[in-house]
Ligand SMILES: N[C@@H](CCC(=O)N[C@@H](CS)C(=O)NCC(=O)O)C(=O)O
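Taking the form predicted alone, here's one chain by itself in structure tokens.
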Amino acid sequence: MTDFIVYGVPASPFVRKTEAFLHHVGAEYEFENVNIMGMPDWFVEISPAKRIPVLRDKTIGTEGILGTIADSSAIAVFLEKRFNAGLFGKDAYEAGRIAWFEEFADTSLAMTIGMEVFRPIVFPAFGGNPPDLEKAKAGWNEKLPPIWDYFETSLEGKEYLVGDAYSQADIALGAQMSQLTLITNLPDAAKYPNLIRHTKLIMAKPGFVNNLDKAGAMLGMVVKEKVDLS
């Protein structure tokens, strides 16, 4: 009997964040897929912003809104308190820096990967059409590099983003960067050695391996071959 249910789809990087956190604290959970193209009413009730994931703590509530937390960042705060996980740093400054990196990864990086690279490749595939390579390459070559540059600099001389420990900041960045590996390549390791080293380090964490296996199987049904954008 598990205490938690994760509602979402494995291919979402935000679901990946939540699964990585749950694996880190050793919490077992059930996974319930949600149709994100036509969300059922019961899901909209617990996620009024119509976003995934939602986490349910069944020790608090087993149906309806009670026991649910919507949004991956809110879920992380809940799990941090629930398990005293230690993924938000050792002092106030580190907690603030972790929250900032998570926000930047969840917004600027996520939106650029999602809208400029992921969707132009994946969405046409659902209709049996070729990818929009012109748009995807423009996103790859013009819009992503300034964001990658920031994280590359932030990781200079460091294994992790904040302090000397794995944190929610690393989970958030790894969740978005690993999304690229489902459909294309990672950026040039010669140009972004710190970012690529970090991405591979985080992707090797058990929660990431488990999620990416599921996500790869799901997307592999429509995206038969990864697209080279380099």
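Note that residue numbering begins at 1 and tracks the sequence as displayed. As the structure is a prediction and not an experimental result, all values here were calculated from the model.
Beyond the structure shown, there is the form predicted in complex with the ligand, which is absent from this document and is the topic of what follows.
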Distance check, N211 to the ligand in the model of the complex, heavy atom within 4.5 Å: no
Partner contact for K58 in the model of the complex: the ligand, 4.5 angstroms, heavy atom: no
Partner proximity in the model of the complex: S154 to the ligand, non-hydrogen atom cutoff 4.5 Å: no
Interface membership of M39, the ligand in the model of the complex, 4.5 Å heavy atom rule: yes
Segment that reaches the ligand in the model of the complex - one of 196-204, 183-191, 159-167, 64-72, heavy atoms within 4.5 Å: 64-72
Proximity to the ligand in the model of the complex, single hit among E80, D106, E116, E94 (heavy atom within 4.5 Å): D106
Stretch 42-73: residues contacting the ligand in the model of the complex, 4.5 Å heavy atom cut-off: K50, R51, I52, P53, D71, S72, S73
